[in-house]
Ligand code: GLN
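In the block that follows, a single chain appears as C-alpha cells, in the form predicted on its own.
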Amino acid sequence: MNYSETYHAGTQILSDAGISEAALDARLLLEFITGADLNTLLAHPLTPVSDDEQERYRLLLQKRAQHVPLSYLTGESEFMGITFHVDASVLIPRQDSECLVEEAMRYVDDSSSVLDLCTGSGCLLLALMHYKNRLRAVGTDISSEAVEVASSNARRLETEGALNNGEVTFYCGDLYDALPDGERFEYIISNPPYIRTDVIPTLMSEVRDHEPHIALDGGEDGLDIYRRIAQGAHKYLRKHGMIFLEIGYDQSADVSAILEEYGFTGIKTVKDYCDNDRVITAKMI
C-alpha cells in the first residue's frame, strides 16, 4: 500500500470508531510512523509504505480507535511552541493553560524564583523558563512518574539551550511537603486538579479513561487543592509575591474567596481565548 491508500484506510477506521477528527489523527499517526511530513504525503501520495510501517500504523490506529489520546500514542504534545514528552502519568498540555503562562510572563522578572505546584509534565514552568532568563525554578508533584517526565523534559530543553541559563529542580511530594526547609519564592504557579469528583464520569472518554485521575479530581466541590495551596502559601511565598492559578470556567468567585480568606489581595480573573474565566492572579500581603 502507498501513502494515500494507507491514510484513507486509517481515516475510515477512526471514523468508524467515532473519532471526531478522524482524518487529522490518521494523518498525524501516519506522519509519526513514516517520518514523512504533510508536504511529502501530499506531493508523493504513491510512495510505498513498508509492511513494518503498516503494522505499526495499524496498532496505533487500533489504540486510537479505543480513544487513547493521540499524544499518548506519539509521546509528544506541543505547548507554547515547545514540544514536550508526555505519557499516561501526566495530563496532556492544553492550549487553555497557555493563558496562565502568558499572564505570568507579564509579571515574572528575569532571575526571579518560581514554584510550580502539581507540575505534571513541567510544561507551565519550563515554558516560562523558555521565555524568561535565568529563572530559579522548582516544581513539585505527588506522582513520582510525573516528576520523571518533567525532569526528562527539563534535561532535553536544557541540552537544547531552551531554558535561558535558568536552574530547575523537580521534587516528588504532596504540594509544599516536597520542598526542602527554608525555600521561599517570588511567584507560585499551578494548574491543580479542579474537576468535581462527580463530574469525572461524565468527561469524554479520552480524558475519563486515560488521563490520570489524580491530576483531575479536585474533590467534592473541585476546590480541595486550591484551599491547600492558599493555606500553605504564606510559608513559601515572599511578601508581595504573586500567585497564578488555572481555574475551571465557573470557579472564579469560589477561588477568589479562598484566596481572600488566606490573606491575598489584588485578586483578578483572566479570561481565555474562548472568553471563559481561566486564570486567577493575586498578591500576598
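Numbering starts at 1 and runs along the sequence shown. This one's a predicted model, so the numbers in the text were calculated from it and none came from an experiment.
There is also a form predicted in complex with the ligand; it is not shown, and the following applies to it.
Listed residues Leu91, Leu128, Leu157, Val138 were compared with the ligand in the model of the complex; Leu91 is the one with a heavy atom within 4.5 Å. For the candidate set Leu73, Cys172, Ala162, Val207, a heavy atom within 4.5 Å of the ligand in the model of the complex is found for exactly one residue, namely Val207. The ligand is not drawn, but in the model of the complex it has a heavy atom within 4.5 Å of Leu216. Heavy atoms of Phe185 never reach within 4.5 Å of the ligand in the model of the complex, leaving it off the interface.
Mapping the unseen interface onto this chain, Asn191 counts among the residues with a heavy atom inside 4.5 Å of the ligand in the model of the complex. Residue contact check for Ile142: none of its heavy atoms lie within 4.5 Å of the ligand in the model of the complex.
Screening 98 to 106, 142 to 150, 192 to 200, 120 to 128 for residues having heavy atoms within 4.5 Å of the ligand in the model of the complex returns a single hit, 192 to 200.
Along 236 to 250, a non-hydrogen atom within 4.5 Å of the ligand in the model of the complex is carried only by Glu246.
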